[in-house]
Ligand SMILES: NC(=O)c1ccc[n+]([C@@H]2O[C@H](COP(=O)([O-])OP(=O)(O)OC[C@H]3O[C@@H](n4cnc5c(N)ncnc54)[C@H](O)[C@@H]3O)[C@@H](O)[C@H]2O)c1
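Shown below, as structure tokens, is a lone chain in the form predicted alone; questions about how it binds or moves come after it.
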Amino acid sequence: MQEFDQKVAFVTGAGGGMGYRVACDLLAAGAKVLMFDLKPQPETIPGDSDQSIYVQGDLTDEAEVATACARAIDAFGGIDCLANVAGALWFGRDRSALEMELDVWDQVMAINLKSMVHTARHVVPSMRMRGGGAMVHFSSTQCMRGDPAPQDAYQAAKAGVVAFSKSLAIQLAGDRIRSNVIYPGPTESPMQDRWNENPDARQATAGAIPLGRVGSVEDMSNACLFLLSDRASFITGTELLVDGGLQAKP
């Protein structure tokens, strides 16, 4: 039996990068998946056509999230897993809070933090009805330090993800609903497509990581599926660093 057979997952950011990889790996492991993203549907989605639904929508619009959750429940019977993977890193516009446009601050916060409130609000009732569930929220190692070239809204939002996840973990433990965080380190994904124009920056980043390489979307998906799975049934309210040892360096 596949590990996620009979499970239903809601995955955000599923139109590319980490979210797409998480969705594909869940499908390969037997889950049924509602894939949600602002981007158009990817050309290839693995599995049977009745195993997945792709919804192109805006996570910052709670009504659209509610409609997508209802669609997953109607089609698949409920929701067991939530992977909050979507995020936005706005180079150039997101900088020091002392000088950035505050409407940019609000938009970055809405995409990277408030969107996770929207998804949690609308999947938890179904998880309760099904006797439990698991959530994984993607933060970033960038929120664990200061930065001479700051992206203050992104860093603050990603720190908020951690606090929100811990609160959910305690609130929902009695419902057998787990909530955990992944801290991705530097990762080869569309969010870092600037590396395509500057391979030296990629090489320098890899050289700073103890394991000698940047992360892959597969690395992040492997960690996510572990935390969503029954193998992590005694893990909640915690964070998993997936950064090649970068945060362990003195």
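Numbering starts at 1 and follows the sequence shown. Given the structure is predicted, the values throughout are model-derived calculations rather than measurements.
Only in words, not in the display: the form predicted together with the ligand, which the text now covers.
Enquirer: Tell me the stretch among 168 to 176, 154 to 162, 96 to 104, 120 to 128 that has any heavy atom within 4.5 angstroms of the ligand in the predicted bound form.
Expert: Stretch 154 to 162 is the one.
Enquirer: Can you confirm whether 210, 221 and 249, the three residues that make up this candidate site, all sit within 4.5 Å of the ligand in the predicted bound form, judged by heavy atoms?
Expert: No, because 210, 221 and 249 lack any heavy atom that approaches the ligand to within 4.5 Å in the predicted bound form.
Enquirer: Tell me, out of 38, 66, 201, 28, which residue has a non-hydrogen atom within 4.5 angstroms of the ligand in the predicted bound form.
Expert: Answer to the contact question: 38.
Enquirer: Can you tell me whether residue 33 touches the ligand? I mean in the predicted bound form, with a 4.5 angstroms heavy atom cut-off.
Expert: Judged by the heavy-atom cut-off of 4.5 Å, residue 33 is well away from the ligand in the predicted bound form.
Enquirer: Would you classify residue 62 as touching the ligand in the predicted bound form, given a 4.5 Å non-hydrogen atom cut-off?
Expert: Result no; residue 62 lies far from the ligand in the predicted bound form.
Enquirer: Give a yes or no for residue 52: in the predicted bound form, does one of its heavy atoms lie within 4.5 Å of a heavy atom belonging to the ligand?
Expert: Outside the cut-off, so no.
Enquirer: Would residue 81 sit within 4.5 Å of the ligand in the predicted bound form, counting heavy atoms only?
Expert: Result no; residue 81 lies far from the ligand in the predicted bound form.
Enquirer: Residue by residue through 132 to 157, which ones have a non-hydrogen atom no more than 4.5 angstroms from the ligand in the predicted bound form?
Expert: Read in sequence order, the residues that approach the ligand (within 4.5 Å, in the predicted bound form) are 138, 139, 140, 154.
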